[in-house]
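Have a look below at one chain only, the form predicted alone, in C-alpha cells format.
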C-alpha cells in the first residue's frame, strides 16, 4: 500500500487542465497537493455520486479532461455507475479509485468485501477499455504516464493505506466550487478536437 498523499501528489504532478471532482476524505487529501484549486470541485457528503458527477461533465464537455477521485466505500454505494460509464464510453474520463479499505470520515469502519472486491475486473466486465492498479509509489512513478495515455474511460486504482478515523473537512457549499469551474469553462468555448491527455 502507498501513502495516500504521496500517490495523489504524483497524480497532481501529471495534471494539466483536467477538472477534478473529489468527495469525502479525498477532498482533504487532494486539496493538500492540488496545484489547480480553481479547477477542483468538492462534492460534499453525497457518498457514491462522485463518479456520476464526473460522468456528467465528461459528457457535457468532451473536449475537457475530467478526473473523479472517489473512495472505495463511496464507489460501492454506486457500482451501477461503472456499468453506465462502460456503456457510454466517455473518452475524457478517469475515475481514480482511492482504495484504502475504510470509511475514514464516518468512523474508520472497514468497507464491505474488504480484500475481496476486484474493482478492475468489475470495470472491465462492464466495458471499460482500461483499468490500472498501483500498489506502491515506485511502480506508480514509473508507470503513471503510460497509464494516463491508454484508451479512456480509465479506472485508475490507487491502493493506499488508511489514514484512520478523521473528521469531515469544514467546507463551503458545493455550488461555490461548481460556479468557479463554470466560470472557467465559459471562457473556453467547446473545442472541435476531443480531449487528449497532456494537452494544454
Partner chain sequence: MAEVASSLRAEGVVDELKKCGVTHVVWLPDTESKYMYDAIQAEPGITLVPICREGEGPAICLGLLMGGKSPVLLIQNTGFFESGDAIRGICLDMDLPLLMMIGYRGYEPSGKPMIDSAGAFTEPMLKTWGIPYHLVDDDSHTPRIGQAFAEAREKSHPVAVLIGREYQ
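Residue numbers count along the first chain shown, from 1. Not measured: the values here are computed from a predicted model.
Keep in mind the form predicted together with the partner chain is missing from the figure; the text below concerns it.
- [ ] From the candidate stretches 25-33, 152-160, 60-68, 132-140, select the single one in contact with the partner chain in the predicted complex, where contact means a heavy atom within 4.5 Å.
- [x] Selected range: 60-68.
Task: Contact at 6, 9 and 97 by the partner chain in the predicted complex, all three, heavy atom at most 4.5 Å - done: No, the whole trio is out of contact, none within 4.5 Å by any heavy atom.
Task: the partner chain contact at residue 88 in the predicted complex, heavy atom, 4.5 Å - done: Yes, residue 88 sits close enough to the partner chain in the predicted complex that at least one of its heavy atoms falls within 4.5 Å.
Open item on the list: Would you classify residue 81 as touching the partner chain in the predicted complex, given a 4.5 Å non-hydrogen atom cut-off?
Closed with: Yes - in the predicted complex, heavy atoms of residue 81 and the partner chain come within 4.5 Å of each other.
Open item on the list: Residue-level contact is defined here as any heavy atom of the residue lying within 4.5 Å of the partner chain in the predicted complex; does residue 55 satisfy this criterion?
Closed with: Result yes; residue 55 sits at the interface with the partner chain in the predicted complex.
TODO: Report yes if any heavy atom of residue 13 sits within 4.5 Å of a heavy atom of the partner chain in the predicted complex; otherwise report no.
DONE: Taking the distances in the predicted complex, the answer for residue 13 is no, it never comes within 4.5 Å of the partner chain.
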